[in-house]
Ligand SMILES: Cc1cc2nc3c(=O)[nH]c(=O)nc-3n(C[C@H](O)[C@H](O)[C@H](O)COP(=O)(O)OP(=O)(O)OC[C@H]3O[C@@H](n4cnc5c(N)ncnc54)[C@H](O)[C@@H]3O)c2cc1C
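A single chain comes next, written as structure tokens; it is the form predicted alone.
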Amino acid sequence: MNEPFDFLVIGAGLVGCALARELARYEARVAVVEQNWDVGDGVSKGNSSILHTGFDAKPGTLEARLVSEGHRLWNEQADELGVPIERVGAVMLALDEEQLQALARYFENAHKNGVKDVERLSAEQALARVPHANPAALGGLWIPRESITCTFTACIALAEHAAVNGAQFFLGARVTNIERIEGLYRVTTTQGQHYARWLANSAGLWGDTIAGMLGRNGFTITSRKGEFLILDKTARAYVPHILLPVPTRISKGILAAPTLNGNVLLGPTADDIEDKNDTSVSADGLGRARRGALQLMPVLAHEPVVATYAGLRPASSTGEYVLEVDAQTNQIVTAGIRSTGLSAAPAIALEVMRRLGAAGALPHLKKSLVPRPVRVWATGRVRPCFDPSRLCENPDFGQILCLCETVSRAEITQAIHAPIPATTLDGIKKRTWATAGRCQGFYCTAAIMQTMSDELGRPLTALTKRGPGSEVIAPDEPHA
């Protein structure tokens, strides 16, 4: 038998990585298993990268409390982790009388949740804040602390900080079976077996599947698909703040939001689907996302689209976050964490630690922690190629491989050799933004793959977009 881990986390999304980071503060052996070949490659990568205050959450719920606490924690820890946050603020726009009446309810809701800096706006005040918004607007709400970040950077930062403090990550390891043997959990994955004293279910869309393996069938997870469009950077001048619709019963609705990389995001839709692997986009879904956003800001109709994608959100049958710490069975459950999971992740992890502490299940804190390694570039910052001191330090900062986003060979090399290494093209994109510009990798993919081949020691035919089965170059066929 392999030496057992004290805690094994299933799922390397935002919540799983935040939990691993908190556990790594203690004298404990911590492991994370993830079915994808990179962290944050499931539910988390489809997030809109908005850091919510929780102003619109249902008062008195666990979600409302954890989103509010998470917003505070992110702002306190962002510099330590190297996670960029830009407080752009948000305007919720009412386009008819019914929505105008709803604004009063959301204003009251915000104050109940402790978000007391929300302001009511007249039509004139709303249009003064967002001059290019729909001129038919009847009024709005101003939420000044709503912010934008980068969901990729956030998840990778949490994972790397956990990794440099001892947490072991097993990627491409899909869980196929869980058994309880002599007080330990034996977790069988496609990459081998692990033993653990405590098991944490942070499996996102598959949270109910893992719960079923453990004999806990109290909830089901539905896959809710949201389709997005990304507009060219020329659109950014029109969108100074996050522009929100009045939420619907199903979702927060279709918004228009600036991004840290200078683009504008339109979406998402909200469609419950059966297939938990279906991240395809459709003409219908993208059309609805575009029309919904254009209701808020018609001027964006002529802005070019550079990319589209779909994200999947786990909707729990309970309608709430599922958060449990069971000291009798040594199980932790964090499930049904919807799109607010980015905002709430650090608070969810701390809530688990509080409950573990109350159960007497936490070992001693470590005397000190290793900081997360400093990255040569962070989302939204000036590229190293524009800094003469960086160029003197390493000429590879001047060797630009991705022209659209001015990404250098040195940045890609660092991503490949990071504590959680980028071994796929998507992994490179999430860490450097290479291939995410106007040409969408048309001009730079070959040079990036050659760099990956050199640094990883793998042939070009072995390189993938996001893991086995997504090879970019087909192997040569043997001659007859």
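As the structure is a computational prediction, the values presented were derived from the model and not from experiment. We number the residues from 1 along the sequence you see.
We do not show the form predicted in complex with this ligand, though everything after this point is about it.
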TODO: Find the only residue in Ser316, Ser339, Asn165, Asn263 having a heavy atom within 4.5 Å of this ligand in the predicted complex.
DONE: Ser339
Task: Selected contact from Ala359, Leu403, Val306, Leu127, since only one has a non-hydrogen atom within 4.5 angstroms of this ligand in the predicted complex - done: Leu403
Task: Distance check, Glu411 to this ligand in the predicted complex, heavy atom within 4.5 Å - done: no
Open item on the list: Can you work out whether Gly204 and this ligand are in contact in the predicted complex, taking contact to mean some heavy atom pair no more than 4.5 Å apart?
Closed with: yes
Task: Gly226 within 4.5 Å of this ligand in the predicted complex, heavy atoms - done: yes
TODO: Decide whether Gln35 counts as a contact residue for this ligand in the predicted complex under a heavy atom distance cut-off of 4.5 Å.
DONE: yes
TODO: Can you check 448-456, 37-45, 423-431, 54-62 and let me know which stretch has heavy atoms within 4.5 Å of this ligand in the predicted complex?
DONE: 37-45
Open item on the list: Quick one: Ala235, Val299 and Thr435 and this ligand in the predicted complex, is every residue within 4.5 Å by at least one heavy atom?
Closed with: no
Task: Within 306-324, the residues that have a heavy atom no more than 4.5 Å from this ligand in the predicted complex - done: Gly311, Leu312, Arg313
